[in-house]
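As structure tokens, one chain now follows by itself in the form predicted alone.
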């Protein structure tokens, strides 16, 4: 007889119990374990979405970095934002340029500097991916009212504000 796969909720309860047994504070472990589980499950979905969009995780990191920056960036800035070596960034940019998702523009004041920006096709890819993600993310949050979503967002933003104060 095949073993039943435990539900996400059961896995969460077991993990919290294990961490509490080892000395962790229950309310802390409930929150952190929930955030980790949510992140893991969404990351699995995002990885499948990137395959469907024919974009690697590294290429997606470049697209999102450019979209979030709202301005052209240098390859060095992109390498730093995505935590890769500059030589790896050059390869990623070559692939994205071949697909017409980014364009490179020389700096008018410094001919050795190149700026990278999203093309219309790059923005379209970003938009398609975000709209697809929003459907799944909305499904995850469907049992919360708008007020509860707002409160959850507010509480998580308080926690995020503390991240800069923690030496990890």
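Numbering follows the first chain given and starts at 1. So that the term is clear: the rigid core is the largest set of C-alpha atoms that superpose within 1.5 Å between two forms. The structure presented is a predicted model; accordingly, all values stated were derived computationally and were not measured.
Below, we turn to the form predicted in complex with a further copy of the same chain, even though it does not appear here.
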message = Contact check in the predicted bound form: 71, 127 and 153 versus a further copy of the same chain, with a cutoff of 4.5 Å between any heavy atoms. Do all three pass?
response = yes
query = Just to confirm, residue 53 within 4.5 Å of a further copy of the same chain in the predicted bound form by heavy atoms?
reply = no
message = Contact with a further copy of the same chain in the predicted bound form for residue 113, defined as at least one heavy atom pair within 4.5 Å: yes or no?
response = yes
inquiry  = Quick check on residue 80: any heavy atom within 4.5 Å of a further copy of the same chain in the predicted bound form?
reply    = yes
query = Taking heavy atoms only, is residue 29 within 4.5 angstroms of a further copy of the same chain in the predicted bound form?
reply = yes
ask   = Going by heavy atoms, what in 15-34 lies within 4.5 angstroms of a further copy of the same chain in the predicted bound form?
value = 15, 18, 19, 22, 23, 24, 25, 27, 28, 29, 30, 31, 32, 34
message = If I superpose the two forms on their rigid core, does the C-alpha of residue 41 end up displaced by 2 Å or more between the shown form and the other one?
response = no
ask   = Is residue 107 one of the residues whose C-alpha moves 2 Å or more between the shown form and the other one after the core fit?
value = yes
